[in-house]
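Only one chain comes next, encoded as structure tokens, the form predicted alone.
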């Protein structure tokens, strides 16, 4: 019965809100100290200095009576009111004891700042505090964290030097030291945050829990994260897909270095590096990936501040031609569409520039432009419904004051005469422009030090807007013969090997993938007989579970036209294998018909350990890894996923009929759907390679199929 009760408590805990952790009404600091150099003192002082009501703060230390003017309690159990959040700052060896006291007190959440757990090998100690927390229904953040900062409630329950400026961006960080540095940076730039949460070891509360919390938080308009890794890739995608339909997520994922490909035997696997899996997962669930710390907050600021555009037409407004060219290049790089300025709009803009100004896009007001010219031209662009977004550039000149320009832009925006449009700005001029940049950002026009950052920030908004409009699509399903395929796969697993080419082709055929008909010969005489029955020309290839790429070891001969050629080729392929792969097991020689060459594409699957099956499509043939014209999506796929991944490649133009007749794209889509289903039906399959898949005007055929299994 006791175990049953614990199980119910755990399930109840999983459904609990994180409100008591992020926005507590009462806070206990366990391990508070009088010594100014100790973290227990810093955390208590920061809570008080941040503006949280002192009467709701309770220091806990059995050795002192009073800290910073607050009564000190020997134990959290002695506090006379309910405690929402306990911040624990005691040595690791004492944390389990303190956790038990929190459980007895019925504390609702704990933030364990203390280090000395999993990160230094103390795995059992960490498991113990998690066990106590779960049995008591306590939400546990950490251990090994900096703490929590929440600007709506004025809580700085951390050892960050100060509370951030209040804003609409939540920041979740796996690195405590970087959280401190970034809060300092955002303070300097006057970028507001709603919350900063350091998650440390993620023993209980993790990034997925926090994303769900902030998705429903009225104080947060954008969620940003710095992460070194995600433990549950499938759950992350499930939650992120749901959240990004209502609120943007920006992720800075560290660790882009490619893993070694030495043990990867398939083309698909070698192309699907672990960081590519993150890229594809983020793309599929609408997460914007940041390239650096500045872009993390550039994107967050734009996504939290800017309204959705009404269309794709972007206009650049500048006082410098060079800055306009830089912004134009960046727009092309980031996929923003510059509007062709209509003649009637050009006429209205002419009023705000000298004769030698330009009404092309970029609209160049020239270096003579004053605040009234920026105000008037911006007003003109805002009034025109054909203009959907505006990039404002200013290069500091001796005759203008950057702050006056910024004030004019803010005034124009705040007058509210027109539909709100996304606007970003870049003020170029060093220290003289800093005040203007802060002023613009403060009033809802994200501003930056150079044109490229402004364009990238606006592009992040457009990427998110496009994702929200993207149709969800329907999951593709293929009714393969799972039972027969299972027999073949389980036999290979029992024997500890990959599927032979014949077995791989049979499994593919069972899932409606068109394959070349083939039979296996155990002798030269068998091969000659099969060739006569199939009809020349034929192909010979050695059947071996130990040879993945037959071309590399000379185990295949194509376009054999006669009996004499077959006799010679039979001896050659066997001799080549004995020479180049002497340890390979030879189970016979496959004879198959020689098919005519079509457009070569590749279809495949690699099972990522974190996110699961990654389906690949791209250019096929022997140079697949050199050209790398491939695209990936993570299964299960929708019809929209298949369309999008195919359109990301260059070979799609060939299939659509570049300098030739169109090929059967629908047939390729069916093969992708079959590979998707096969990967979902059999966790035992590690890699699938169909390369080349010949595509014709009508139909397609898998010329070579490889299926590798997990050990």
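Computed from a predicted structure; not experimentally measured. Positions refer to the first chain, counted from 1.
The next section is about a form of this same protein that is not shown, the form predicted together with acetyl coenzyme *A.
- Stretch 174 to 182 is the answer when you ask which of 518 to 526, 502 to 510, 359 to 367, 174 to 182 has residues with heavy atoms within 4.5 Å of acetyl coenzyme *A in the model of the complex.
- Only one of the listed residues (194, 144, 400, 380) places a non-hydrogen atom within 4.5 angstroms of acetyl coenzyme *A in the model of the complex, and that residue is 144.
- Only one of 387, 288, 140, 89 lies close to acetyl coenzyme *A in the model of the complex, with a heavy atom inside 4.5 Å, and it is 89.
- Interface membership of residue 33, defined by any non-hydrogen atom within 4.5 Å of acetyl coenzyme *A in the model of the complex, is confirmed.
- At the 4.5 Å threshold, heavy atoms of residue 274 stay clear of acetyl coenzyme *A in the model of the complex, well away from it.
- Although the partner is absent here, residue 53 sits far enough away that none of its heavy atoms falls within 4.5 Å of acetyl coenzyme *A in the model of the complex.
- Within this chain, residue 38 lines the site of acetyl coenzyme *A in the model of the complex, having a heavy atom no more than 4.5 Å away.
- In the model of the complex, 60, 61, 62, 63 are the residues of 46 to 75 with at least one heavy atom within 4.5 Å of acetyl coenzyme *A, listed from first to last.
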